[in-house]
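What follows is a single chain, given as structure tokens, in the form predicted on its own.
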Amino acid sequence: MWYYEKKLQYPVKVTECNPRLAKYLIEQYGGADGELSAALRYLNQRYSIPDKVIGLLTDIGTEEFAHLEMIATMIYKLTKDATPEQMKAAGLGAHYANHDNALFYHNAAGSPWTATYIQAKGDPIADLYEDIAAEEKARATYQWIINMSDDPCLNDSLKFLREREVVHSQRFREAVEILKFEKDRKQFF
């Protein structure tokens, strides 16, 4: 079970209302390589992974929910004072028509989140390589959002998230090596 500490993993500040930037961040909220997909992928895969690395998937999957909370906070802060005209100008007119300024799990193009975004093959090494790829894709997306952002406060939080993706990728790479070593080891009975 989890203990919930009522604070974000890292502070989130924004300089001003900016629905255009929020639209880009929605990709990390409900997109294929976003935080929701990552959290669900890892927490699901842990049921078919060897005990030696099960804790890793639990830990990282849980942290991804903390990242989802940070992204939600960013989007909320960037849109909470937006007018319908600003939402429309930012390409969020359809979102506003369906959800007002409420958050909804879809990607930056407006396609709703789907379980087809996550994979579980049942082969531990294949699943871990999938996880490494997911982390690297999320890292790249964070970098591209930073490249488009002119908000230094928001960029600070985005850089934190980008670096966590790097750490997760490294940890998954270590897990692959642990499982390869176990697989190649001679077993005596």
Partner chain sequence: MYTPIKCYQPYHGPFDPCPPRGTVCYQTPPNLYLGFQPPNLQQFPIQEALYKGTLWPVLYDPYPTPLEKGAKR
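Numbering follows the first chain given and starts at 1. Since this is a predicted model, take the numbers as computed values, not measurements.
From this point on, the text means the form predicted in complex with the partner chain, which you will not see here.
Residues with any non-hydrogen atom within 4.5 angstroms of the partner chain in the predicted bound form fall in just one of 123-131, 44-52, 143-151, 30-38: 143-151. Contact annotation: Lys137 falls outside 4.5 Å of the partner chain in the predicted bound form, judged by heavy atom distances.
Proximity of Glu16 to the partner chain in the predicted bound form falls outside the 4.5 Å heavy atom cutoff. Interface residue remark: Asp156 is counted as part of the site for the partner chain in the predicted bound form, having a heavy atom within 4.5 Å. Not displayed here, the partner chain is kept clear of Phe65 by more than 4.5 Å at the level of heavy atoms in the predicted bound form. The candidate spot formed by Thr73, Tyr76 and Lys88 is out of contact with the partner chain in the predicted bound form: none of the three has a heavy atom within 4.5 Å. Contacts to the partner chain in the predicted bound form (heavy atom within 4.5 Å) from stretch 160-174: Phe160, Arg162, Glu163, Arg164, Val166, Val167, Ser169, Gln170, Arg171, Arg173, Glu174.
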